[in-house]
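Quick heads-up: it's one chain on its own, the form predicted on its own, in C-alpha cells.
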C-alpha cells in the first residue's frame, strides 16, 4: 500500500508530486492514498497568468523602447518555480509539467515566445486547468492557443493556392500526430509495435499530413483581423484563444487517417472532426499511457502496465483501491489515466524496487524542486536568484521548464542510451539523454550553491534571503551522523540508500568537527548537514528512482 509505511509514503509522494516533505510523510502515513488522490483532484489550481500579468504591468516593467525587460520576460519561469515548490495542488502541477513535456512549446531565449510571457503563461494554465480533464478538450485548447500557434507556425496559416501551388503550413499537422496523439507506427494496446515482415507498420504518410494541414488554416489572434496589427490588438489577444477566419480556411475536402471532412466544412467544425479522429485513434491510448508512466514511475514500462493505463484512458474510468470510481467515462479522461499510472500494481509493487529494469532517472529539475520543498527553502523568489532564470545553460541543470530546445523536448521517450548497460538490455531511458560528464558535474555544482546557502553570503543584497534552506530538523541530528543519514535517506530516498552509500557519507560527516574554537565563524553542524544533503542528492541511490 502506498501509505502503509513512512518509506512507501515517501516513494509515492516522490512519484506523484514535486517531492516529499517530512510534514507530508508524517501526516499521510497510515492514511488512504485513494482519499489523497481524490483530494488532489478537488484542489483549486495554482495558476500562472495572474502572476505574469501583474508582473509585466508593474512600473518599470518596460525599458525606454517599450519592450519588456529581460527579467519580466522570464516571469513564466518564475511562476513555474513558485507553483511547483509552494503550490498546494502538487499532483495537478506535476501532471501539468508532465504534459508540458509531451505538448511542447518553448519559452527559451531566442524564441519569439520569449517576448510574450503572457502568451506562455496562458499556455501553462491550459495544461494546469486541464490536468485532470479530458485529453480531447485539452488538445482543443492547445490547438487554439496562441503559444502553440506561434511555436508550430500555424498562426495565420492560410489555405492553399492551386494556381501558385502554395500549400498550407504542415508543421502542426505533422506534430499533432507524431508527438501529441498517435506517434509514427501502429501500436498494440500494450504499446508493442505492430510489424509486418519484421518491419514496423507506419500509420500515416505525407498524404495524411497534407490532408490534415488543410484543417489548421484560418486561425489567427482574437481581434477581428486575420492580418492583425500588434498595435491595435485587444489587450487580451495574446493570452486568449485564437479565432477562426473562414475566408482564410481551406474549403477543400480534407482526408487523413481514413477520415474525410467534406469540402465546404468550416474551420471550427473541421478542427473538431480532426481532433475527434486523433483522440479516437487506437494508437492514442497506448501512446500517451506509455509516456505518462515514463514521466511519473518508470522509463521502460512493461506491456501489461501500459495496457492497464491505456484501458483507463480509453474507458475514461478507473476504480481506486477504496472502491471509488474516478473519471466521467469519456475516452481520454486524465483523472482516470493518472490514477491508473500511480495506483497500478507495477508502480506499487515493492519487489520492483530491486528490479534493475524498473525505475527512472530523476530529472534534474525535479531534484532541485525536491530539495527546495524538503528543506522549506525560503523565500521562493526566483526573480532574485539568477541561476534559476534558465537552468539549461552551462553550469545549470541541463534542462529548464518550458525551455526545450525543440518540440521534441530535452529527451525522446524512445531513447535507448548507446554504450550503456540499459542500452545493451534494450531499455528505453529518456532522462539518460541528459546525462554526460558535463551535466553530472554541473548538477553537483548547481546544487552546491543552494545546499550550502551561498546566496546568504551576499549580505544586504536581495538574493541573500532567496532560496535559503531551513535545516532545523537536520541540525538537531548533526551530532549523530548515523541518525542524520537515516533521516535524509527517508526524506530524500524513501529508505533506498544502500548500506555502502550510508557508510561512505557517514565517514565524511564524522571527519567534520562540530566546533573550531580558533574560528568564531565556524559552523560545524551546518557543514555536516549541508555536505550530507549534497552527498545524498548526488548519489546513485537518490538519482535513480525505483
Partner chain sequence: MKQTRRTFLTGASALSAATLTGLGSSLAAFQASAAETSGYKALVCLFFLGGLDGHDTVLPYDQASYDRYATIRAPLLSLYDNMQGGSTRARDRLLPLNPSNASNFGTRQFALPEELSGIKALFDAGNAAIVGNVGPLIQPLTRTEFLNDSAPQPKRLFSHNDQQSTWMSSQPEGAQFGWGGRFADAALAAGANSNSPDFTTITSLGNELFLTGSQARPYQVGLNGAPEIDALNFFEGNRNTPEGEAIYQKLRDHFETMDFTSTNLIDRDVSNAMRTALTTNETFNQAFESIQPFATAFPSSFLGQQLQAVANTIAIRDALLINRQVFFVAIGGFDTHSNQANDLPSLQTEIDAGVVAFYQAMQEIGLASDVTLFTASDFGRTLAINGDGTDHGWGSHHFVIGDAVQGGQIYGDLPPFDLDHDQDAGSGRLIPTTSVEQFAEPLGRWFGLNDSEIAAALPNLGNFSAGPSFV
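Numbering follows the first chain given and starts at 1. Bear in mind that the values here come from a model prediction, so they are computed numbers and not experimental data.
Just so it is clear, the following notes concern the form predicted together with its partner chain, a form of the same protein that is not shown.
- When contacts are judged by a 4.5 Å heavy atom cut-off, residue 63 does not count as touching its partner chain in the model of the complex.
- Contact annotation: residue 508 falls within 4.5 Å of its partner chain in the model of the complex, judged by heavy atom distances.
- Its partner chain is not shown here, and in the model of the complex it never comes within 4.5 Å of any heavy atom of residue 264.
- Using a 4.5 angstroms threshold between heavy atoms, residue 46 stays clear of its partner chain in the model of the complex.
- Not one of 314, 317 and 350 comes within 4.5 Å of its partner chain in the model of the complex, counting any heavy atom.
- For the candidate set 57, 69, 482, 504, a heavy atom within 4.5 Å of its partner chain in the model of the complex is found for exactly one residue, namely 504.
- Residue-level contacts in the model of the complex: of 87, 223, 359, 241, one residue has a heavy atom within 4.5 Å of its partner chain, and it is 359.
- Of the candidate stretches 88 to 96, 245 to 253, 160 to 168, 320 to 328, only 160 to 168 has residues with heavy atoms within 4.5 Å of its partner chain in the model of the complex.
- Residues are counted as partner-facing when one of their heavy atoms sits within 4.5 Å of its partner chain in the model of the complex; in 408 to 426 these are 408, 412, 414, 415, 416, 417, 418, 419, 420, 421, 422, 423, 424, 425, in sequence order.
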